[in-house]
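Two forms, one protein chain; structure tokens for each follow separately as structure 1 and structure 2.
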Structure 1
Amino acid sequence: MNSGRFTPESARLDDAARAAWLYYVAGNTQDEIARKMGVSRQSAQRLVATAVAERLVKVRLDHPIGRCMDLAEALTKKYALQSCEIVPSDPGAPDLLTGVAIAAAIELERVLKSPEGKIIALGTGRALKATVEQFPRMTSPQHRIVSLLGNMMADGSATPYNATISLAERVGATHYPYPLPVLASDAAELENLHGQRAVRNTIALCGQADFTLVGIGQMDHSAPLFVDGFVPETEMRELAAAGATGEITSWVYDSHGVLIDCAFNARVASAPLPKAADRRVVAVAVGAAKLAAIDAACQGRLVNGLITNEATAELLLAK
């Protein structure tokens, strides 16, 4: 049933995809699918469930929901954004990433459909990871995908929120990981690290990116930097005292979206934030906790595009 390499695993996915097609596209009931595929009804159900679990089934809504359009327009005006995408919130789970992840994946797909080779720069974090998971497989080796920062801790261990590798894999493009820790121990080590030829090349690519997609981190007790163990509590307190409101690829900024001149930022190993004037720099972020951080980033023109959900958009407008 499968021409290439035949493995039990690929056969299982083939069947799952076939069942899902019959279910979602052709509109069969699971009973009919079972008969057509010669399995029991329960097995058919399992196949469909597998296809959903393996993310083979992608659902999208082809309708601009009025309320979301209104919010997007209002935010575009408020922050002078180049692009703004609002997805509906689930009232019960307003911080759900799935919706924005799909929207971001569609945006990304639009860029990567181009026949010209594009450079895509990606940050890290849960939102980015969720976005890449929504991304369909395609074959577009003309593009280059580059990481804006490392995901290693000082001891060399890595967080799992890496988006570059899996996106590159799905796109079939070459990728440029960022082979540095998130933070250097001091400015001197940083200079040394940045001197490496490969690193210089990667950073240069980041500066030329046609499309940059980043997450936004808040700076309170639930801050990704703190939760993931990059920054100890004492330093978090110092940063808060210095007015830290949010961070993008670890660069910490204040409530106006201006990078803070502090010891912490002097150790940040990430690529410099692109000037969001001439290139598209889009943030994906959701949740009340990130409110101040999103507001500041937009105000300070650290990003010129925003993908968020209804609930967050309403809070932003109320600010």
Structure 2
Amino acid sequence: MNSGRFTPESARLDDAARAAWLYYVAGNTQDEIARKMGVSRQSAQRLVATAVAERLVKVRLDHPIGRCMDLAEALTKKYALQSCEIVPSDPGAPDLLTGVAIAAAIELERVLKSPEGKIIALGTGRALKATVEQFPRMTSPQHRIVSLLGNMMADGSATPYNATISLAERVGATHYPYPLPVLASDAAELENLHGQRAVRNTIALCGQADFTLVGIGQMDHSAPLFVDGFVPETEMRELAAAGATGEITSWVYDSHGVLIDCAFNARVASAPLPKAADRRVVAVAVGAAKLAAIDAACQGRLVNGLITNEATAELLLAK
């Protein structure tokens, strides 16, 4: 842990950050940076490169791209969305998360810049983790960050994709983790778990959230629920037979965006899905594998906002 002591490593990163600021923000050339910092031009170049390698620099393209705006408008009309953000796709990597994560971080930043205290509810998963990694540090203690679902496997081990704690640390806000496993073993255990005072409070906060950000999972053998070990092969086959198309915070739904009445959903310990008609519920999702799940979630009004990329948007409009 960084105790604030001055060390050679901290000095190196300080110099890299200073050089990056001079280059990217102040618009200095590398020769000017070298002169101002009293180093050689080669050292200035290395410092800027270090800042990029250490992820001290985050680039945001602040220019409306016509094609993306057209796609966003078309998807907004198709699904009656409240908001839609489309980012450019990398033709060589159409499922790349970085672009949508940056866009989601910008949307989160808009909410968290409010001087009035807000409740922000977060799902978990790769997209949410990537979003928080792109989020700048800021001081916003007036907000409350709450998790929509647990971060524990049945054996008590933690999954690596919790976003709530990381975001709260970045903004200095109070956070409310969801102190439960993702799934209960049966209905009786679920009732006991939901009876805990801390859990009841967290669920109540989720229901009051001013802004909810979630990922969307597909329901095939590449599904996060299956890959991460929450759903065994036999139950995956049962869910497929029941018409499972996607999941949000572990709640499984069909091709119309309707939650499936099944044994799996009866054990889901997550907070109830918010009513998107009443509050802002934005999904961050990208990739052909998630196409049916995204389409169903938007059709069923499980979400009313979408952040995705060009390639995914085009596939959605072609459905």
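These numbers were taken from a predicted model, which means no experiment stands behind them. Reference numbering: structure 1, starting with residue 1. Superpose the two forms; the largest set of C-alphas matching within 1.5 Å is the rigid core.
- Remark: structure 2 matches the stated condition (the form predicted alone).
- After superposing the rigid core, the Cα of residue 282 is displaced by less than 2 Å between structure 1 and structure 2.
- Relative to the superposed core, residue 22 undergoes a Cα shift of 2 Å or more between structure 1 and structure 2.
- Superposition of the core reveals a Cα shift of 2 Å or more for residue 54 between structure 1 and structure 2.
- On the core-superposed pair, the CA position of residue 44 changes by 4.4 Å between structure 1 and structure 2.
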